[in-house]
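Only one chain comes next, encoded as structure tokens, the form predicted alone.
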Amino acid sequence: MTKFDERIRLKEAIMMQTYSYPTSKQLLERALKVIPSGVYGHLGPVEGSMLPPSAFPFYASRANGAYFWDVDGNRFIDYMCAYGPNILGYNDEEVERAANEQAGLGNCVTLPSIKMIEFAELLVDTVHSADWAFFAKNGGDATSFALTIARAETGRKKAIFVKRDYHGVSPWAKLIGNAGVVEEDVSHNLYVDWNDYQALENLVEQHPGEIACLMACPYSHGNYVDNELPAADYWSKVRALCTKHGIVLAIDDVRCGFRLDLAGSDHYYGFKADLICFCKALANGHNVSAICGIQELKGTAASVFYTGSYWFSSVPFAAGIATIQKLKRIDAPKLLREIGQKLTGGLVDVAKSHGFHLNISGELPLWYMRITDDDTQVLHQAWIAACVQRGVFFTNHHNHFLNTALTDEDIAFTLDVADDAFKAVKQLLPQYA
């Protein structure tokens, strides 16, 4: 072996330097004194997406483009995108300019601004199934409004949901056994397995004239399981079944919206929803959600009293207009699929070079990945943790999101990190080496 070869061998043997999070840990201890769980919801350090917690930062200091920095100064390529809202990159210049210009004119005012009308007009022109638009703040606001509209329209109580679909944190969207949920909250809920059309048809026939709404995500992207796309004729049959029985078909496009198709994920899969709910990517991080619907439900929507503090806030409307216009101009869904193909294809190849199989499921703009060589998921968690400690922010059991600010250099760095992380895992877990 020559000295050059020896240098290469030594270089290859040296692992990347890993991050540490002393300030994050100090802040978590401080937060635990005044905030329940310190970081609440599914972002909590013990909620399953970030295991082991010691491998993850808990608090961010700033964000720009495809990256965020934690309070210890570590930079991460962000493949969670704030759990979806960041679709154009953090601090997108066009979006922030529009938001700042509107902020200079006014935000929360006694009366709504013209931006609300312009935003609704843009959504009606963009979303294939939309004849009208209504705005709120969270995805859960939109799904709750959809369910209420369906009940108001039909005079029925029951609703069908797909098992593992997530529609927010309202009591009706949870299951018995979740803290604080009582039987009455979910007594009118019915559940079916994803893609099981026959079970759905049977359920509808068992409850003639009782079902107000069928609410579902456009494809199955639950946590802890491989994501699953709709069967070839699934949605066409579901659409026909709902029409036949007078059931309102509501699509929860909170996660997928504008990543699969700017005209709506129902359009992407070749059917037309009665109601469709948007939130995450709607305004590139500015807090606004929307529910769009068909003309036949417009009067019913108007009859439901539904509002909240800040719901007429005009800055998010301005940001949303700029976001949708830019998504259209750059054909974001096409770009995200191209980025997703490069990224996931590279990750699969890197895993294969180490003798592992990385399964990619779902749609490329928001893919789910799982190492299949270990049913306990210890191997997968160890690899994810090693990637995070090297500057690539993945989580363990949640679908990931892409943004259009990601570059080929970011993907190349990600693949280098993935490679180094597999080397580290083999040292940490020699039984998989």
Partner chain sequence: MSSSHTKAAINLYAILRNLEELCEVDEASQGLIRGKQQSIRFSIQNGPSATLVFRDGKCKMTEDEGSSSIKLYFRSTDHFNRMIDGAANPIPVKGFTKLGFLTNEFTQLTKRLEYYLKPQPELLGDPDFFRQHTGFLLHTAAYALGCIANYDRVGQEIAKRIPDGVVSLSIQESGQQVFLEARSGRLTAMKSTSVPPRSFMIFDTVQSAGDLLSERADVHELVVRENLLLKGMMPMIQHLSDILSRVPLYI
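These figures come from a predicted structure and were not determined experimentally. Residue numbers count along the first chain shown, from 1.
Note that the form predicted in complex with its partner chain isn't included here; everything after this is about it.
> Give a yes or no on whether each residue among 46, 58 and 224 has a heavy atom within 4.5 Å of its partner chain in the predicted complex.
Contact check passed for all of 46, 58 and 224.
> Thinking of its partner chain in the predicted complex, which stretch from 233-241, 134-142, 193-201, 170-178 has heavy atoms inside 4.5 Å of it?
Going through the listed ranges, the match is 170-178.
> Contact with its partner chain in the predicted complex for residue 381, defined as at least one heavy atom pair within 4.5 Å: yes or no?
Yes, residue 381 is a contact residue.
> Any of the heavy atoms of residue 183 lying within 4.5 Å of its partner chain in the predicted complex?
Residue 183: contacts its partner chain in the predicted complex.
> Can you check whether residue 408 is within 4.5 Å of its partner chain in the predicted complex, heavy atom basis?
Residue 408 lies outside the contact set for its partner chain.
> Could you confirm whether residue 51 comes within 4.5 Å of its partner chain in the predicted complex, counting heavy atoms only?
Residue 51: contacts its partner chain in the predicted complex.
> Exactly one of 392, 28, 371, 364 has a non-hydrogen atom within 4.5 Å of its partner chain in the predicted complex; which residue is it?
Looking at 392, 28, 371, 364 one by one, just 28 meets the 4.5 Å heavy-atom criterion.
> Quick one: name the residues from 384-409 with any non-hydrogen atom within 4.5 angstroms of its partner chain in the predicted complex.
Counting only heavy atoms within 4.5 Å of its partner chain in the predicted complex, the single contacting residue of 384-409 is 397.
> Based on a C-alpha change of 3 angstroms or more, tell me if residue 48 and residue 377 lie closer or farther in the predicted complex than in the shown form.
They are farther apart; the C-alpha distance rises by 3 Å or more in the predicted complex.
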